[in-house]
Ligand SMILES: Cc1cc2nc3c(=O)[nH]c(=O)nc-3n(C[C@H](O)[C@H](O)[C@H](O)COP(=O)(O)O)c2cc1C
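The chain below stands alone and is given as C-alpha cells, in the form predicted on its own.
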C-alpha cells in the first residue's frame, strides 16, 4: 500500500489520478477508476462537438445516459454526474470533472461548473463522492471563488514553474505538473517530467502546495520515481485509456498497445501542439503542420481562423471520425510516449492493483538495494 498526503486530501485509496481525456467520453472509465480507489476525472470536451463532430457528441452523451437528440447541455451534464455518482457510491469512489478554461471555452466552462455546483447543492449526497473540479488549457486566475466557494477541491494542470506560480496565486489546492512526454495536448516547450516535476515541487514547497506528476507515468516504477522527485502522486492518461472499461474506440486502444519504441510525434492539435502515435497518417499530419503552421514547432500559435488552420483542423476531425468507425488508414490516434510501455488491455482494477503492488515492492526493496 502506498499512501501520501494526496490520499488524505481527496479521500482516495491510492495517489493516482485518471486523466480527464477527450475528445471522446470517458464516462464509464471514470466509474471504473474511481471504484478502483483512484481519482476518476470526467471529460467534458465532447460537449463542444454538437455541431462540429456529431459522432463524438453522440458518443459523449450516450455513454453518460443522455439523449443527444433531445437533451440540452445542462441536462446532459446532470445525467452524466448522476450516472457517475450512482456507479461509484457503493464503493465510495471519488470523482471530478475536467473543465477546459481557455478564453474560447469560457462560456462552456462556466456552464459546466455552474451545473456541477447546482447538482451538489440540490443533492447533498453527491458531495461525498463528487469532490473535484479539475481545470486545464487556460489561466487559473478568476475561477477560485466559484470552485472553492462551492466546496470543491480545485486542481489545475501546468507545463511550467511560471504556470505553477500562477496557480499558487489563484489559490489552487493541488497542482499537476505535466511533462512534454504526455499524450494529446502537450506544452509548447519540450520540458519533460524529469526536469519539470522536481522544479515545480521545489517552487511550491515553501507554500506547502502539493504537486502531482503527469507525462510518462504508467506503472509502479514511474509512480515511485514521481514520489522520489517530491510529488504526492501521479496522473495517468494513456495507460488508463488502454483498459477494458475505457470508453475509447477499440482502434484507439489497439493503437496504444501496438506502439513501439519512438512511436510518437508532435503535430498540430485542436488547441496547439499534440502528441500522436506515429503512423503514416500522423506523419502526413506532421508534414502538413510543418508546411501550414510552422510556428507550432517554434512556440508560435497560428491564427485559428486562417485557411491553413482550418485545413489542419478538418484533417484532425476526419482522423477522429475514422477512429470511431475503425478506419485505420485515416485514423489519428493520440497517445503519450509511455505508449511504447503499454502492451496489454487490462481491467482497471487489475491495472491499479498491479501498479500499487509493484510500487510497494520497489519501495520495500530500496533500503536493502541502495543503502
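Positions refer to the first chain, counted from 1. As the structure is a computational prediction, the values presented were derived from the model and not from experiment.
One more form of this protein should be noted, the form predicted in complex with this ligand, which is absent from this view; the next part is about it.
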Work out which of the listed stretches, 335-343, 47-55, 64-72, 308-316, brings a heavy atom within 4.5 angstroms of this ligand in the predicted complex.
335-343
Contact with this ligand in the predicted complex for residue 12, defined as at least one heavy atom pair within 4.5 Å: yes or no?
no
Indicate whether residue 214 is a 4.5 Å heavy atom neighbour of this ligand in the predicted complex.
yes
Classify residue 182 as contacting or not contacting this ligand in the predicted complex by the rule of any non-hydrogen atom within 4.5 angstroms, answering yes or no.
yes
Heavy atom of residue 241 within 4.5 Å of this ligand in the predicted complex
yes
Of these, 154, 130, 143, 252, which has a heavy atom no more than 4.5 Å from this ligand in the predicted complex?
252
As a check of understanding, the residue in 100, 274, 116, 94 with any heavy atom within 4.5 Å of this ligand in the predicted complex should be identified as 100
Going by heavy atoms, what in 105-127 lies within 4.5 angstroms of this ligand in the predicted complex?
none
